[in-house]
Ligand code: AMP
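The data below hold one chain only, encoded as structure tokens and taken in the form predicted alone.
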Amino acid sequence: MEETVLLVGGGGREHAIARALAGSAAGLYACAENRNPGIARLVDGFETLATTNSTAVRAYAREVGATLAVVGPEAPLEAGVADALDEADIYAFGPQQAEARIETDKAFQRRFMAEHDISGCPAFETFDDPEAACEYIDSNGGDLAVKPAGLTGGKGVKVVGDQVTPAEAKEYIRKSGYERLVLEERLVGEEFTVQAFVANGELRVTPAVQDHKRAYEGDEGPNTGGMGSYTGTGLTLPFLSEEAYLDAVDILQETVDALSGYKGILYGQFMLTGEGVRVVEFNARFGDPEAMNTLPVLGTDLLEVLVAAREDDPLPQLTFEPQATVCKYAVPSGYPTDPEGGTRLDIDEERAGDALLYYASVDEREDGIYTTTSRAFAVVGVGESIAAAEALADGALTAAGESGLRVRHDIGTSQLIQERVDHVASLRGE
């Protein structure tokens, strides 16, 4: 049976998914709020629509004769788009609304972990009253992470003792308008991500990634959706042992075992602490930028994985090229606190050289490509070492020309990575 795939979403993550599927499916279509030029070149049709409108997505899927769908971002999952597609007998690789709560409701996430005794869960309390959360800060002092329970695009968490003082945390809670909050112990260590393909009770894991969320070089400034990331030549990272990686995989397996009927990607964001691997959060989809690190080196046919999931067959074992990757994002001036959108971009793709270029939150119009208020594009270097991949990625950033976009040149550099190795050694008392 020839497959026709609908891709939902128009960011850098979805550009990476489209590139991984291009050439495998008989038909590849996409829908998103923005017209991503990189995706548009790879697909047979592109529809601009609200991806949280499950009726509109389902109608377009039927129009193009989709036999499979991949839901990229979290917002459509929260809106029940996967449910609507499944009900129309179009298999959606993405969890249904109830299972997606593992990401979309952080209060549910922590209570679920506690109820099922899933390893790595930090101490936490959930609140439906912002003032009660402020009183908890008063009684517990510093070393807390303040998390809105709902989706915030990766930018809602404030860490007391790191990013804000207790007084600033309370001010943030009162001014934010968030009614539901999670306050949990601050985890100290090195963050890393492991993403898993999940279907029919099975999971297949991908290489570990370290994402850098801080806006400015040296990991300074506010959190963003992710300024860039890197992988090693295998499953682990320079600061991450095989034992710690497998501990993270075990936590993902525990979670899959407890999430009956989950399908799609389960993304575990972990913290390697002095006491072992702890869970920062779970996401119900590929990470952005982490998808751009792992999919380019995936040796297994992505469509083969999707079909096996739909057919209730064993998922194929995944293979990956033994190469490192480094991803660096170019973002609008002022991002993330006061970003400037609507700037026309003049991107010279040839200047990216041997690196991969992924368009993200941009909009292609008749007269050119324009920025939104989120990340514009990413470049990914793939090489025999992290250093080689970093050099490719950094050189490719010249594709932006004089566009006024901002980047972090330090991601993937030997200095930043050595700092991680030294940090983990200090946590172990070495």
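Residue numbers run from 1 along the displayed sequence. Everything numeric here is computed off the predicted structure, so don't read it as measured data.
Form predicted together with this ligand: not shown, discussed below.
**Asked** Is there any non-hydrogen atom of Asn223 lying within 4.5 Å of this ligand in the predicted complex?
**Response** Yes.
**Item:** Partner proximity in the predicted complex: Lys263 to this ligand, non-hydrogen atom cutoff 4.5 Å
**Value:** So Lys263 does not count as contacting this ligand.
**Message:** If we define contact as a non-hydrogen atom of the residue within 4.5 angstroms of the partner, is Val256 a contact of this ligand in the predicted complex?
**Reply:** Close contact is absent here: in the predicted complex, Val256 is far from this ligand, nothing within 4.5 Å, heavy atoms only.
**Item:** this ligand contact at Lys213 in the predicted complex, heavy atom, 4.5 Å
**Value:** Judged by the heavy-atom cut-off of 4.5 Å, Lys213 is in contact with this ligand in the predicted complex.
**Item:** Contacting member of Ala145, Leu356, Val277, Ala149, with respect to this ligand in the predicted complex [4.5 Å, heavy atom]
**Value:** Going through each option in turn, the one that passes is Ala145.
**Message:** If the cut-off is 4.5 angstroms on heavy atoms, which of these, Leu298, Ala98, Val157, Val164, is the one near this ligand in the predicted complex?
**Reply:** Among Leu298, Ala98, Val157, Val164, a heavy atom within 4.5 Å of this ligand in the predicted complex occurs only for Val157.
**Request:** From the candidate stretches 180-188, 231-239, 128-136, 198-206, select the single one in contact with this ligand in the predicted complex, where contact means a heavy atom within 4.5 Å.
**Result:** Looking at the partner contacts, the answer comes out as 180-188.
**Asked** Can all three of Lys106, Met271 and Glu281 be found with a heavy atom no more than 4.5 Å from this ligand in the predicted complex?
**Response** Yes, the whole trio is in contact, each within 4.5 Å by some heavy atom.
**Prompt:** Is any part of 339-378 within 4.5 angstroms of this ligand in the predicted complex by a non-hydrogen atom, and which residues would that be?
**Reply:** Heavy-atom contacts within 4.5 Å come from no residue here.
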